[in-house]
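Quick heads-up: it's one chain on its own, the form predicted on its own, in C-alpha cells.
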Amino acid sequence: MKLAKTIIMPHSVKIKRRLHISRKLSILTTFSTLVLAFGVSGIFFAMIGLNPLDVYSYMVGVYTSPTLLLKALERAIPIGLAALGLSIAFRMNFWNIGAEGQMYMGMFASTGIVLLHAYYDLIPDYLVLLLMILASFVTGGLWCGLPAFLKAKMRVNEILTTLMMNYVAMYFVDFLIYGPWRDPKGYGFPLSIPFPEYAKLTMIFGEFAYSGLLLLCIAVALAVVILRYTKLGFELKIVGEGIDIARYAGIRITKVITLGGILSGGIAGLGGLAIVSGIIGRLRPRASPGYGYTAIIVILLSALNPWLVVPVSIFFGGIFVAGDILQATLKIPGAAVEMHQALIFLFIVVGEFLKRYKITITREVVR
C-alpha cells in the first residue's frame, strides 16, 4: 500500500483591489502609517545622536506658534493649489505627474506680465495682478492640455509626457533667469527684478498667508462647483469610470480629457504664481523645492476630496517649515531633514496602497 505524499507549495501572494473603502479603515490606516513614519524617523534621529522628543517638540511648535503657522500656511498655498489641480486630473484617471512643470510655467507667465509692465509700460498698475493670475492659469493649463490631448487622441502615456515636461519647464525658466530675464541691477545673481507691491498677493493685512489662503479656498469652492454641478464635472466622472463607458454614453472623449487637463494644469499654474508673487516676490532658479511632487502625496491623502486639500496642505507646509527650523536650531544636516520628510511621504504612499488593495498570503497543499 502506497502512502499519499503531501506536497506543500510555497506561499503565494495575491493583491486584490478593495471594492469599498470604509471611512474607519481609511482613518485607521492613515493614523497608523503616520505613527510608524514618526517612529522610524525617531530611531533615525537617535542614531545620529539627537533626542527624538526634542526634534518632535520643535515640529509640534510649528502648529502652535502663530508666527510659524503663518509660514506653514505660506508653504501650504502652492502645495494646495497643485494638489487641487491634480484632484481634477486623477478623478478622470489622467495621471498628471507634471504639476511641478505646470507651476514653473505659471511662474514664467506671471513674471512675464511683470516684465511687460516694468520695461515696456504696456499694462497699467491696477491690471498687473489680475493679468498675472489669468496668464499663470492659461499657461499652466496649456502645458497640461498638450499631454491630455495626446492621451485622448493618440493614447500617449500621460505619466511619461507630464513627467518629462517638468524638466523642460524647469530648464526653460533657468534659461530665462540666467539670460534675458536676469535683473541688470542684481549684481550678476540669477534673479528677476523684484515684483512691485501691487503685483504681490499681499492684499489682506499685508500677508501672503491670508491672501493665499483666500485664493486657495476660492479655487477649492470653484472646483467643487465644477465637479458637482456642471456638465463638464459629470463627464469627467464618467470618463474616470472608464473610456468605453464614456464613449457609450456619447461623451466626446478628446474634448473632455483635454478640457480636464487644461483645468488641472491651470490650477497648478496658480501655485507657481503663489510662489513668485507671494513667497519669494521675484523669479529665481529652482523656486519650487518639489511642491508639485508633494502635491501628489497630498491629494492621495485627501482621497481626491477638494475640501480636505486645505488642512492636509497645511500639515505638509508645516513639515517643510519644521525642516528649516531643525536645521537652524539643532544643526541637523539638510540630508537628515530630507530623509525624515521622505520617510513620512513613503509611509503615506504605502498606507494609501493598503487602503485600496488587500494583500492575502496563501499556501497550497497538494496531496
Partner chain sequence: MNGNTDSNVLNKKFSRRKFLGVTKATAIGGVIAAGVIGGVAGYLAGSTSAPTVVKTQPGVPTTITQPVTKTVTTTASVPVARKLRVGYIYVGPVGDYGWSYGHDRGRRWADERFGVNQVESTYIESVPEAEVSGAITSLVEKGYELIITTSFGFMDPTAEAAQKYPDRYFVHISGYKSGAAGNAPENMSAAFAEFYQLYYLNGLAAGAVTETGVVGYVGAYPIPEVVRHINAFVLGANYAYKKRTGKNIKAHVSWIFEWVAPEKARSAAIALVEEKNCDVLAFTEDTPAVLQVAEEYQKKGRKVWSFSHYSDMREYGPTAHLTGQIANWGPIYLDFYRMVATNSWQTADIWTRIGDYMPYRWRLPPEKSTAGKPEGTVYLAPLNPVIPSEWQLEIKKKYEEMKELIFEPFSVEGNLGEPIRDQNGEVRIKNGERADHDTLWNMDWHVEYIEEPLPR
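Computed from a predicted model, the values in this text were never measured in an experiment. Positions refer to the first chain, counted from 1. If you superpose the two forms and keep the largest set of C-alpha atoms that fall within 1.5 Å, you have the rigid core.
Not pictured, yet referred to below: the form predicted in complex with its partner chain.
- For the three marked residues, S22, Y56 and R182, a heavy atom of each sits within 4.5 Å of its partner chain in the predicted complex.
- Although the partner is absent here, A37 is not a contact residue: none of its heavy atoms lies within 4.5 angstroms of its partner chain in the predicted complex.
- When its partner chain is considered in the predicted complex, E235 lies well away from it, no heavy atom lying within 4.5 Å.
- The closest non-hydrogen atom of F149 lies beyond 4.5 Å of its partner chain in the predicted complex.
- The closest non-hydrogen atom of I262 lies beyond 4.5 Å of its partner chain in the predicted complex.
- Stretch-level contact check against its partner chain in the predicted complex with heavy atoms at 4.5 Å: of 254-262, 120-128, 215-223, 91-99, the positive one is 91-99.
- In the predicted complex, the residues of 41-74 lying within 4.5 Å of its partner chain by at least one heavy atom are, in order, L53, D54, Y56, S57, Y58, V60, S65, T67, L68, K71, E74.
- Here L25 counts as shifted, since its C-alpha moves by at least 2 Å between the shown form and the other one after the core is aligned.
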